[in-house]
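First, one chain by itself in structure tokens, the form predicted alone.
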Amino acid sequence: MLPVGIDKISFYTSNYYLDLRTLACTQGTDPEKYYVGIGQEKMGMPAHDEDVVTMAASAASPLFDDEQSKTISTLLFATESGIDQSKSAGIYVHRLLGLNANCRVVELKQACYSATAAVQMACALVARQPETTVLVIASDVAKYELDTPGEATQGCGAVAMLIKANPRILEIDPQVGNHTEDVMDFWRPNYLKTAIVDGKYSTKIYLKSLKKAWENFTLASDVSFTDLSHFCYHLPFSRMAQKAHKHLSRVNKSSLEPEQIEAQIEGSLLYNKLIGNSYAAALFIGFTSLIENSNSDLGGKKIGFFSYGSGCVAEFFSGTVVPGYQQQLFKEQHQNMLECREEVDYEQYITLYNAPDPQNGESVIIDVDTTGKFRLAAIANHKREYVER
């Protein structure tokens, strides 16, 4: 069987951010509560003409040209920030990217886990038809009520991946470990715009699910803890990954020193610290951060991945980085994007937080604000109108 996995990967985040020092100052809180306590420095705030569709299309647009797009057989769109109860957000992206009419499109939802489900489904589709390419996109806006513990863990971002046979970045192993349990640690009813979360309970369930998924993984795979040189975790905030990796190290009775344990994950945390939580996209933005910021060549190295979606579904899987992967990266573009963002003050943050959101069918024309390639131009007659900027 041909190896299948990630051939190219790109991410996008908004052109606005709030420094958590500003939030702390406004709240009368020590900034170290955020910078050290949760390991976060900034959070991305979408412009008023930006949402999961525009971010998704902007993330995917560098991955292929018009000719290459003809080989894309399927677009799988993972999000928990859905814009419609019926129509997939991916359909809008399909048009914006100019994909062919024979490309199937589906939206997937299971909190922050859905991107991993999409990647595994994509691998199965490509294994069945190795000549095809599947485009996987995860795009989310993490939003919580103001003046709640979750406020500092907001953020936004999208990641796009081409899944192909003989991939040039990561060969994904078929063996996985799963854990599913009906819990209420984080959820968002249809009538709410912000999530309900029990933070301490969610952390407990995250760590429990990690142990259970790992135990199931060891039954399915011959890969051991010591075979894995680096790890990528779901990143609601960076400190969570650090807690998780220490937990998994203890479960495996690792003999590594604390600094060695930290070195296995630190590269994956860098982008997340700057953009905040991106829900379904967070794990794979973390992987992008790892391969673009590692001080050593990861070619031939085995990577461990833990995906967690509240409610809950968890999965542990592994993959091998393909030698020469550096030639397929968009490191310069990503770092330029992050460096060129505009910092907002607290008043501007509140304005962005209160984005136009018609609830009763009223029409809204939205001014140009994003620097991304695509934008939401209007909401009129209950229809969202997307254009290229």
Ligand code: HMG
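In case it trips you up, residue 1 is the first one in the sequence shown, and so on. Here the structure is a predicted model, which is why all the values come from computation and not from measurement.
The same protein has a further form, the form predicted together with this ligand, not shown here; the description that follows concerns it.
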Check your understanding: Using heavy atoms and a 4.5 Å limit, would one call Lys301 a contact residue for this ligand in the predicted bound form?
Key -> no
Practice item. Although this ligand is absent from this view, report whether Ser318 comes within 4.5 Å of it in the predicted bound form, heavy atoms only. Key: no
Exercise for review: Give a yes/no on whether Glu342 approaches this ligand to within 4.5 Å in the predicted bound form, heavy atoms considered.
Suggested key: no
Review point. Should Lys212 be counted as a contact of this ligand in the predicted bound form, where contact means heavy atoms within 4.5 Å?
Key: no
Review point. Looking in the predicted bound form, is this ligand within 4.5 angstroms of a heavy atom from every one of Ser238, Gln264 and Phe305?
Key: no
Revision key, fill the gap. The one residue among Lys200, Arg104, Lys87, Lys109 placing a heavy atom within 4.5 Å of this ligand in the predicted bound form is Lys200
Practice item. Could you spot which one of Thr74, Ser81, Thr288, Thr153 gets a heavy atom to within 4.5 Å of this ligand in the predicted bound form? Key: Thr153
Point to revise | Which of 265-273, 307-315, 127-135, 166-174 sits within 4.5 Å of this ligand in the predicted bound form, heavy atom basis | key: 307-315
Practice item. Counting only non-hydrogen atoms and a 4.5 Å cut-off, give the residues of 1-28 close to this ligand in the predicted bound form. Key: none
